[in-house]
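Shown next as structure tokens: one chain only, the form predicted on its own.
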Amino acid sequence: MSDKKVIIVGAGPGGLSAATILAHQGFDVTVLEKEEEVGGRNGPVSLGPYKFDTGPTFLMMKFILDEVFRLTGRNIDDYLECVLLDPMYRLQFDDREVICSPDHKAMQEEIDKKFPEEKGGQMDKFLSWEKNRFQKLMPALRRDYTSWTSLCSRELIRSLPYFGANRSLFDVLGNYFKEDKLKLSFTFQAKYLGMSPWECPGGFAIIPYVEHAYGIWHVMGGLFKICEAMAKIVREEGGQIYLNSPVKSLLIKDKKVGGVLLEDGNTLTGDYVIINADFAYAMENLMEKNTLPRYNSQKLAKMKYSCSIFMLYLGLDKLYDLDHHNIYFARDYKKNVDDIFKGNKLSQDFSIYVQNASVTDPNLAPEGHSAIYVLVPVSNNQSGIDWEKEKDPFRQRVLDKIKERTGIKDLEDHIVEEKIISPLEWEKDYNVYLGATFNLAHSMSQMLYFRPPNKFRKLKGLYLVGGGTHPGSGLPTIYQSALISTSLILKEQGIDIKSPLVWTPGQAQSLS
């Protein structure tokens, strides 16, 4: 047990994961959240009787989330009802659709049916080879990189040949598949990283691997229920969560962070401060300029950031026969991706993701109604796109695209509730730097030791969780960032919790 005080800025999935573990270990935990609900980008959007996830809708690598609950002395099943999805998602190209299943035999049969030009057995080869990569990379991804000595760690040295630094994700998938559209069926996941599959490092082939090896899950009531459950645990353990409590700045003296100043003028002091705000936003707004020269305004502007997303949340008085997850590829997907990452413009033909979770979950909309979540990857705000001008016309283009690609011709006749979040709102309302919703890009120059650290090297007592630190963006890695940061704090206090930094090849299977 510890009598140390911890202040956590932001009640997103990273901040709440850290809060649950530290509160369970006896730390005096206070979480400060600027919104009226917990969750951040993993929080809810409520429109009348309709409920939506703000951001993440795919829960992968559930065993990491299970581990967070285990480290609080709890079983996840006592707090959340998690459902394994089959099919995982439906992919729609211009000339065919691919129904992706966690059943490996069914998936191979789908490949044989939809891509007869391919030779059989690709799934077995993909799963076997990428399992090996996964087992080699995970020990490196689950440890901290707070010191340059980590670059000499056994875990990193053993993993280096598997990072695929000199090959793109698209190229690596060519080891298994010949047809470009089949490769795209296993590389669109680069969007979780906010990157192009033609530029994303090849080691991230472990993302489609973990989807097919461990499945994709839905949390009944919405994935935002995860953060609500974590908040419940924090309170059960005696921790405090203050909503509507935005932080103005960190309190720093002699290179030591000793607390925070709130927007209302009050101050809170503590032994540790954990930032769960957007990384670049925090560097720009929560401390005096040049406190950390490595992350001053000029250097932040030169870092590489992910794409953004245009969001539509639609409450409909009709339930449509669409799968839970549906992805519609632009007819020229490569051009669409280049427009986003290189051209900084809105594509004439774009890709679109439509979630129809109401077919699985009756808790999100009234009976016979549906809560439709629509996501379109677009350039971040470095593009100069005028979203005040473009928002409404682009909304209509998105609705027209849904009607065209899904065959739902009467969509607009059934809209009861609606909300738009464009890159402009991501930046202004959600404090996301440049509206880059997937945070820093995952190029090799911004990973591991070269990504902002879980424990700041130049400011004592300051830690970081979330997509802007190691290991990166996406729910599983955000949970992992919290496991790493809390482990460092606990280690400093001499507390042994059977460190989650240790990874053995069989661990993922046993945890799942």
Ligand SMILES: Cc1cc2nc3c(=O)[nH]c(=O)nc-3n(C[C@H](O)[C@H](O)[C@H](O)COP(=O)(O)OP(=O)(O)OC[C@H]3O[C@@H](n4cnc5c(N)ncnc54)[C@H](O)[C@@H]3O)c2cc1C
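Don't overthink the numbering: it's just position in the shown sequence, from 1. Everything numeric in this text was worked out from a predicted model, so none of it was measured.
Keep in mind that the form predicted together with the ligand is missing from the display, and what follows is about it.
Taking non-hydrogen atoms only, Ser473 approaches the ligand to within 4.5 angstroms in the predicted bound form. In the predicted bound form, none of the heavy atoms of Phe63 sits within 4.5 Å of a heavy atom of the ligand. The ligand is not drawn, but in the predicted bound form it has no heavy atom within 4.5 Å of Arg451. Using a 4.5 angstroms threshold between heavy atoms, Thr437 counts as touching the ligand in the predicted bound form. Taken together, the three residues Gly14, Glu33 and Asn42 all come within 4.5 Å of the ligand in the predicted bound form, as judged by their closest heavy atom. Per the 4.5 Å heavy atom criterion, the ligand in the predicted bound form is contacted by stretch 475-483, the sole one of 65-73, 22-30, 451-459, 475-483. Shown without its partner, this chain lists Tyr89, Tyr333, Phe177, Tyr281 as candidates; in the predicted bound form, only Tyr281 has a non-hydrogen atom within 4.5 angstroms of the ligand. This chain lacks the partner; the member of Leu85, Leu375, Ala213, Leu322 within 4.5 angstroms of the ligand in the predicted bound form by a non-hydrogen atom is Leu375. Scanning 50-77 for heavy atoms within 4.5 Å of the ligand in the predicted bound form gives Thr54, Gly55, Pro56, Thr57, Phe58 in sequence order.
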